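Heads up, the chain below is alone and in the form predicted alone; it's given as structure tokens.
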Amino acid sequence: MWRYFGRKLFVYALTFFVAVTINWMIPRFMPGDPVRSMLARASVGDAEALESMRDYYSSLFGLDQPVWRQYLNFWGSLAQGDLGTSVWLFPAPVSEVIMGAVPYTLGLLIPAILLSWFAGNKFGAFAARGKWLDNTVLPVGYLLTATPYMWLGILLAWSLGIVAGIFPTAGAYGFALQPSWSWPFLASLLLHWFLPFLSLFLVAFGGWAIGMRNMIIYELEADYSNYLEALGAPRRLIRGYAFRNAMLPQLTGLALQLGTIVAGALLTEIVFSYPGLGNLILEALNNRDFFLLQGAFLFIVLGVLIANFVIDVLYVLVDPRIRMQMQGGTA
């Protein structure tokens, strides 16, 4: 088991290094100068003063050094937990800016991922029982899973927010409120959260329902199901075994789909102007904030890798074949 997890940790560490390196390179391939963008907002009229300020801030951010030196400095600062200073929100540290956005992103992602996975699997297994349910769920599931997150978000905002006027369509809470533990603030927070959550939930729900429906049908036609049926085992017992076996590929699918779901969440936040990492990345792009982009990408990479590692651990716990292989047996 230690060898198994040692190999996994090595792969994750290598993936982290490559992903963070690419994320460091991406902002530097972007057109534009972050310092010039910062000074343009300051509206400095004196050309000599502007040039002096440009030299000062370039030195402060380390942008006057060779690219290879900037890369080494990045890893050195990262080892100390320093993500740098935001260009857009200067002089706020990047870590503080990101920590202000992370709770909103996690508040969307975690409920949407878990609830859509559990509900989709249950509903897909239930739909595989009857032909009329199957004929209903299959087209609806394909429609939902093929719908882009941002398009469904726009549709929900238009229908339930603008036309029906039930839910707000922008922000995380009412503009007249201040964050607190009061009931008016929590109610406003929940109302603003619902539409972004619903758009993420529906798209993911359709995919999990279709996947589980297909797996249940496959498992019910397997040899062990036919053998149990020939022995006179209750249909409910056979379906129970089929559901448990079908859950293993769904668990693998959850690990594979995490990146797609996270990307969908970031786009959904932009549609609803929700103050999470997606909206933060958009502002960092508009303001050429290299350091904020690097920090946001770093958190996303870390979150996806940690979630995948947790799923790997769960897979060992739920799949006896892997445990047997670790003990030197045959699956």
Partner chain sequence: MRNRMKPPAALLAIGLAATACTGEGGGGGGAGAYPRNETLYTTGTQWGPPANWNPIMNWTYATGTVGYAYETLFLYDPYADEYTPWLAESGDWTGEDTYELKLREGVEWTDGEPLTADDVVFTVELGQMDSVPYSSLWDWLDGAEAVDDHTVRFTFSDPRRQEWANWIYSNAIVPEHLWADRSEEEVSSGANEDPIGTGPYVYETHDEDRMVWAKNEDWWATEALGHEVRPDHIVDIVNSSNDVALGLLTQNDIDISNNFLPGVDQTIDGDPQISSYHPEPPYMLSANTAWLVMNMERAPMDDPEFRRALAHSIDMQRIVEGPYSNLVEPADPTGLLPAWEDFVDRSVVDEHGFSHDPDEARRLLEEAGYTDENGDGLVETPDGDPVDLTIIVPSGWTDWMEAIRIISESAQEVGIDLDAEFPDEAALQDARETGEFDMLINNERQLSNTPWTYYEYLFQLPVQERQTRTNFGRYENEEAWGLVQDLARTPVEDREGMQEIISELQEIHLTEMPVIPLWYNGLWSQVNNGTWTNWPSAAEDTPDHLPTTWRNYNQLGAILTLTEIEPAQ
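Between two forms, the rigid core is the largest collection of C-alphas that superpose within 1.5 Å. Numbering follows the first chain given and starts at 1. Values in this document were obtained by computation on a predicted structure and should not be read as measured data.
Quick note: we don't show the form predicted together with its partner chain, though the next part is all about it.
**Q** Should residue 63 be counted as a contact of its partner chain in the predicted complex, where contact means heavy atoms within 4.5 Å?
**A** No, residue 63 is distant from the partner.
**Q** Against its partner chain in the predicted complex, would residue 235 count as a contact residue? Criterion: heavy atoms within 4.5 Å.
**A** Contact with its partner chain, no.
**Q** Look up in the predicted complex whether residue 50 has a non-hydrogen atom within 4.5 angstroms of its partner chain, and give yes or no.
**A** Close contact exists here: in the predicted complex, residue 50 approaches its partner chain to within 4.5 Å, heavy atoms only.
**Q** Can residue 37 be called a contact residue for its partner chain in the predicted complex at 4.5 Å between heavy atoms?
**A** Close contact exists here: in the predicted complex, residue 37 approaches its partner chain to within 4.5 Å, heavy atoms only.
**Q** Whether 100, 169 and 177 jointly form a contact site for its partner chain in the predicted complex is the question; each needs a heavy atom within 4.5 Å.
**A** Result yes, every residue of the spot touches its partner chain.
**Q** Picking from 76-84, 101-109, 226-234, 244-252, which part of the chain touches its partner chain in the predicted complex when contact means heavy atoms within 4.5 Å?
**A** Of the stretches listed, the one contacting the partner is 101-109.
**Q** Only one of 191, 138, 72, 222 has a non-hydrogen atom within 4.5 angstroms of its partner chain in the predicted complex; which is it?
**A** It is 191.
**Q** Which residues, if any, of 84-123 lie within 4.5 Å of its partner chain in the predicted complex when only heavy atoms count?
**A** Those in contact are 88, 89, 90, 91, 92, 97, 100, 101, 104, 115, 118, 119, 122, 123.
**Q** Residue 60: with the rigid core matched between this form and the one not shown, does its Cα shift 2 Å or more?
**A** Result for residue 60: no, shift under 2 Å.
**Q** Does residue 285 count as moved between this form and the one not shown, where moved means a C-alpha shift of 2 angstroms or more after fitting the rigid core?
**A** Yes.
**Q** Rigid core aligned, does the Cα position of residue 302 differ by 2 Å or more between this form and the one not shown?
**A** Residue 302 C-alpha, core-superposed: shift of less than 2 Å.
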